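To begin, one chain is listed below as structure tokens, in the form predicted on its own.
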Amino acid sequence: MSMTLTEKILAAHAGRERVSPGELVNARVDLALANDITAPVAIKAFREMGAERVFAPERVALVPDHFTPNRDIQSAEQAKLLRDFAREQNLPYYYEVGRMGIEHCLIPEEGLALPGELIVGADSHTCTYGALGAFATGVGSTDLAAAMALGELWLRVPETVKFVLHGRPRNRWVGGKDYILFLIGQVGVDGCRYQAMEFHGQAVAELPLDGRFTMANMAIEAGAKNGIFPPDEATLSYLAGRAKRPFAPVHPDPDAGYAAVYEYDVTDLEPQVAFPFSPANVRPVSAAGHVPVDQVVIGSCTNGRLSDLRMAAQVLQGRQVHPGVRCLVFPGTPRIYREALAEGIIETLVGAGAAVSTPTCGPCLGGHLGILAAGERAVSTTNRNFRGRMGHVTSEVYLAGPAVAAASAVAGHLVSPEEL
């Protein structure tokens, strides 16, 4: 029988000819990863289960990015625990500053996530790597400990929902963030609960890898187990010179069975905004009304890549950030930071009045470097806007792409770049 992309990958890693939705399988893991919040718990569980060595040092990645550069003594101790474990196990380790990065930007950049692979991470946005045609999903820290020790993990095979995006957007500011916000707005935060979101169509085929990373990253916000794109020439081009090991791209069968198929024409789609307090509370920016803004955040594992910074700079070029707005920019990795420097993007951002930080997840989860006070509003290119997500419980977060975020920083209120 025919299989979807996710089913094919799980079948191959379970040593089976085929699998069906609902089945439980024990599957081989290609990469296991964790960060400075989740790895300490996983390491503790690893010790408690009596494990002494990880299954393959080159296939375990520890990336401190949530509370680094170390926010306080506790975060410094967390990072040290990772550092010591990495030395003990001879793991590749990405130091807290200078050579690290936001994990879901850094892992693909380093060629550690590849098409056809099975990747698990103790972070819900591990699904980002589905942009490369991998089955990638978040797991708990204890499951991650088992994966680190054994190189395998049990999974329930998810159903797959197919999303087909037709057309080419007329609005030049529309990208992957707008596509995924629109889709989450259509299906809801539990509309794809424990299902695979498989993306197809002209708009998807023409979407650069940066936009695909953004879409796969936010599949979890629709409740999905994973988001995944069939690999194509753009995928192979991105991986050329990056891939750390051989890989075999996998494609869905043309007659694969799907739990549902949704088709949308994005020709007239405009930039989207998710209002508080749900990623599904989505409306076009033209319907936003007048929403004053105190802070703008551009970056994160969702939109901290070079094309995101480039788009923000295009909006900010020749303009100034509103005097009542704090505009914070977080490149995803040092390499992205350097490329933005070379292009003059950083000069444009700083010249406009933005502050550019070392790579960190800090503000996204209300950790540090951008926490909101009571009643403050932020437009953010991050992925979640739950109550209290970025600071005080009465603060508000509006999710948008980098163009809308940059335009709002200039205007002092939520606005489309076309209105500047």
Partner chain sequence: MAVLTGRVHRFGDDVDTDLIIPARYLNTSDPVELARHAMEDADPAFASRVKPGDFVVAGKNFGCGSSREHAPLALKAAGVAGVIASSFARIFYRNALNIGLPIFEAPEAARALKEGEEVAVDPVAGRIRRLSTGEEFSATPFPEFMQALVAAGGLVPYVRRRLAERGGRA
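Please read these numbers as outputs of a predicted model, since none were measured by experiment. Residue numbers count along the first chain shown, from 1.
What follows is about the form predicted in complex with its partner chain, which we do not show.
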Answer range among 74-82, 238-246, 265-273, 292-300 for contact with its partner chain, defined in the predicted bound form as heavy atoms within 4.5 Å: 74-82
Of the options I220, A340, L316, L165, which one has a non-hydrogen atom that comes within 4.5 Å of its partner chain in the predicted bound form? I220
The single option of C327, L112, M311, L155 touching its partner chain in the predicted bound form, heavy atom within 4.5 Å: L155
Considering only heavy atoms, tell me if R212 and its partner chain come within 4.5 Å of each other in the predicted bound form. no
Counting only non-hydrogen atoms and a 4.5 angstroms cut-off, does P334 reach its partner chain in the predicted bound form? no
Is T38 a contact residue for its partner chain in the predicted bound form, using a 4.5 Å heavy atom cut-off? yes
Even though the partner isn't displayed, in the predicted bound form is R172 close enough to its partner chain, meaning a heavy atom within 4.5 Å? no
Note that its partner chain is not shown here; using its position in the predicted bound form, name the residues of 139-153 with a heavy atom within 4.5 Å of it, in sequence order. V139, G140, S141, T142, D143, A146, A149, L150, E152, L153
